[in-house]
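Before any questions on how it binds or moves, here is one chain, the form predicted on its own, in structure tokens.
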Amino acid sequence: MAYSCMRCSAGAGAGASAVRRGAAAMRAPAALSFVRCGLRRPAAAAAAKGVKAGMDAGVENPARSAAPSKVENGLPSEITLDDFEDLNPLSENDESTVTITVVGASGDLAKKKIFPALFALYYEDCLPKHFTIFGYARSKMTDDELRNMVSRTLTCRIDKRENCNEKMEEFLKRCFYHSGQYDSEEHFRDLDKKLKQHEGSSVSNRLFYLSIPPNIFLDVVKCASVSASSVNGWTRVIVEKPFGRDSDSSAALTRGLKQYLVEDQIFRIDHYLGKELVENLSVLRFSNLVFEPLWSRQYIRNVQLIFSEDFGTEGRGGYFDRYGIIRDIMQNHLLQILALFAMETPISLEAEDIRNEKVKVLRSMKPLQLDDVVIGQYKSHTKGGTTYPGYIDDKTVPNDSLTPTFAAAALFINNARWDGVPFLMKAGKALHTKGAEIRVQFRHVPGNLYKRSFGTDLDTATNELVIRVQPDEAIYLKINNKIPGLGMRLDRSKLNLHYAARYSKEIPDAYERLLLDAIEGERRLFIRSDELDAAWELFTPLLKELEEKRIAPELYPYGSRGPVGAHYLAAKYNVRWGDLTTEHKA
């Protein structure tokens, strides 16, 4: 394991409260750099990402003041972080520990996603040498009972099954449990004592994953900050969506979190940003000359971001009914993808540079208007002798609920690159298929010599780039091609990168990538507070209008293609939904 010096604040700013000092303890000068699945990341860069130097104004930087000097041209000059790391490697006895505490360990998210993702990282040798996992929840449970619960959800990589049982046993030995209330500082102090027993005298780094309802986020953050934060390493907190219900509640949550944490300690997770094809967006655009010149209003006619599920709420409607499809999918997942897709070229791949460009996109957009939105709700439908229940048939949903389970919207970016290009979003439950994709429809070829071959419908000749995020990940480009033979007949073909056929390695789950990034202090795929504010500003006026006017959603049958109104919305901007064609997936 390699370690690096870190620029950081030694304590809270002048006049900080005792609670704020707890947050300051979460920012300590110990940084961890380790082999990321066989690829070593620059230690100094990882350290700089772990804690920013200027988090609290007026605090002297201990890493800077402690650094020795070197001589250049006969004069002493300050040694850089890279130089300092080379000159002063830490001994093996000073190795750091990482403790990951899953708060809400008995819940579905923890069991189905977080623990399996942590095991997958361990299986791939992506976690640090010294790590421990703690589950924390109100349920009474022993360490062995937690291990039994976790073991039922663990699987090994398809492409790497050797020593699977042995790896599972090793992983489970590192899992422990502590029962406590979420608002009890005393119970978190008890947790802190257990953590210290495992950490020993090493530098301790702590990551808290809040897999809990948002109404108790602040209770947990306060207790963890005051009673269970690291005193000599970093402490970070991963917060799951929803981040509020509108601009006001989101801002209140952010203010509450920042009573106990600074922004760089808060990792707001949107798991769609960790999906392979979403992370590949910037690679596809910025490293391929064939695409970047086309990425503008000059060549792109419209962009479609589509999310569909082929199942309903299935007994979980009580939770969903408080938020609806717009808050659950569009305001976060799809809008985040849109911002990544449409942003200008960042000056580097550093987290802040990328997030700055995303914020610029969001601030350039007009708030959504009711005329540019269609909402729907699925109803009961019988197909093949099977009756599928409607949304309000769910016993956890009120009979008079107007919560949309489907929404389609047209958004616009008011800048030079995208002026006039409709970005169409569509998201729904209980539809005819399951998937998520980005569709880029290009403009017609001016004066197309072969337009007679396509008849009067030039849309059939439109080039289209499709990025299929899930399932069956793929990137393909639709082109026009001559059918072999003596005649001049054209058809539409695909240049297809099908991931399962091209790559033998299994695609990691999004939670694996995001958990690893949080451990390393990499914030590129997490949401910053100003980014969150800008996102809510786009949707809050629409959401308030829908609720105040009690707009009734258009009903659509379970398993259908959604409300008819979505087609009229697309037609309003001379667009056809690309996912409703008869094309076959390659």
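Residues carry their position along the shown sequence, with the first being 1. On a predicted model such as this, the values are computed, not experimentally measured, just so you know.
Although not depicted, the form predicted together with 6-O-phosphono-beta-D-glucopyranose is the subject of the following passage.
This form leaves room for 6-O-phosphono-beta-D-glucopyranose: after superposition of the C-alphas round the site, using its pose in the predicted bound form, no atom of it sits within 2.4 Å of a backbone or C-beta atom. At a distance threshold of 4.5 angstroms between non-hydrogen atoms, Arg268 is out of contact with 6-O-phosphono-beta-D-glucopyranose in the predicted bound form.
Taking the partner from the other structure, 6-O-phosphono-beta-D-glucopyranose in the predicted bound form has no heavy atom within 4.5 Å of any heavy atom of His130. For the chain shown alone, Glu199 is not a contact residue for 6-O-phosphono-beta-D-glucopyranose in the predicted bound form, no non-hydrogen atom being within 4.5 angstroms.
Remark: Lys241 counts among the residues lining 6-O-phosphono-beta-D-glucopyranose in the predicted bound form, judged by a heavy atom distance of 4.5 Å or less. Among the residues Phe171, Tyr260, Phe307, Phe423, the one placing a heavy atom within 4.5 Å of 6-O-phosphono-beta-D-glucopyranose in the predicted bound form is Phe307. For the options Ser249, Ser282, Ser184, Gln470, the residue carrying a heavy atom within 4.5 angstroms of 6-O-phosphono-beta-D-glucopyranose in the predicted bound form is Gln470.
Contact with 6-O-phosphono-beta-D-glucopyranose in the predicted bound form, judged as any non-hydrogen atom within 4.5 angstroms, is confined among 291 to 299, 388 to 396, 475 to 483, 312 to 320 to 312 to 320. Contacts between stretch 325 to 349 and 6-O-phosphono-beta-D-glucopyranose, counted in the predicted bound form as any heavy atom lying within 4.5 Å, involve Asp328, Ile329, His333, listed in sequence order.
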